[in-house]
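Next up: just one chain, as structure tokens, the form predicted alone.
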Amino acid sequence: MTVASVTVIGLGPMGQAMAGAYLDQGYEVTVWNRTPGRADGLVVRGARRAETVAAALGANDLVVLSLTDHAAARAILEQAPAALSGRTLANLTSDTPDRVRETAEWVAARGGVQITGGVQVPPPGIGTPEALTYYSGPREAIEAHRTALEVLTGIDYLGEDPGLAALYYQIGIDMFWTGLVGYLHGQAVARANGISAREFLPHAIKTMDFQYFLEFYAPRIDADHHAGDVDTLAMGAASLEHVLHTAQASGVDGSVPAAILELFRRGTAAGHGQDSLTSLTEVLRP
């Protein structure tokens, strides 16, 4: 009986979680990291440490990359370009769509195939039932390695364009960090006024449940329908001024609400004062 096998390159928290998930499922796992000591714990658990990039790439048909960015990925892969021939790279490294496409072309020119992934969970979520990853690239390559990829997460396949998974990922991260920074700013104001984050938690959960608003706004955005029948930029700007003054009066840095207020003012100056919040999509895009 043939034992399933995989190579994992990059052993930060995400790479560690991925290699560990494969070991838990009985895979033969080859690992490589620029700092070899990061593999020690995995080797104790049964992983094989590759001494070179060429050995790591040559060990298995499927190679999972989890690195800082595509510059780091290219710097590593360029150490053994000939070893890419016949390999499928599941490149789960974050970067811009254009850089991801450039890497896919570079890999293809050396006889390999790249499938792009944008993981939608933090490292502790790897291997859990609810975990998902955006994937794009050649469908046949994804299907050929579906079983191995699904050890890590479920698959949300977006299409053949290798940059598409990166685009979806970056859009999600845009919303994620913006929303969390808003949460942290609110908690700074809360704590400045003697309210603990734990005390405010149930209110924060309710406030940041955007499902109703997303479902309401999405068709309007697609239709370029920005009527101010429910909300207006002018109303939002007035509300944000109150937020800014409250933060400043509490001794909290007001740069976060000030930046959003400035965007609302730009929208108003562009003639959208009586239009909906969604009109900001017209202000933000080219």
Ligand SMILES: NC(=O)c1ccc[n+]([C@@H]2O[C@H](COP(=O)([O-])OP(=O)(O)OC[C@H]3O[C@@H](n4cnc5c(N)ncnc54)[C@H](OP(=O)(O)O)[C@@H]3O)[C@@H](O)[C@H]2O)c1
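A residue's number is simply how far along the shown sequence it sits, counting from 1. Remember, predicted model here, so these are calculated numbers, not experimental data.
If you look for the form predicted in complex with the named molecule, you will not find it shown, but the lines that follow are about it.
Proximity to the named molecule in the predicted bound form holds for none of G236, H242 and R265, with the criterion being a heavy atom within 4.5 Å.
The contact residue chosen from R49, R45, H225, R34 relative to the named molecule in the predicted bound form is R34, the criterion being a non-hydrogen atom within 4.5 angstroms. Taking L92, L152, A165, A104 one by one, only a single residue has any non-hydrogen atom within 4.5 Å of the named molecule in the predicted bound form, and it is L92. Here the chain stands by itself, but in the predicted bound form one stretch of 206-214, 190-198, 152-160, 71-79, 71-79, has heavy atoms within 4.5 Å of the named molecule. Within this chain, T232 is remote from the site of the named molecule in the predicted bound form, having no heavy atom within 4.5 Å. Although the partner is absent from this view, V121 contacts the named molecule in the predicted bound form, with a non-hydrogen atom inside 4.5 angstroms. Contact annotation: T30 falls outside 4.5 Å of the named molecule in the predicted bound form, judged by heavy atom distances. Within this chain, L67 lines the site of the named molecule in the predicted bound form, having a heavy atom no more than 4.5 Å away.
Contact residues in stretch 3-18 (any heavy atom within 4.5 Å of the named molecule, taken in the predicted bound form) are G10, L11, G12, P13, M14, G15.
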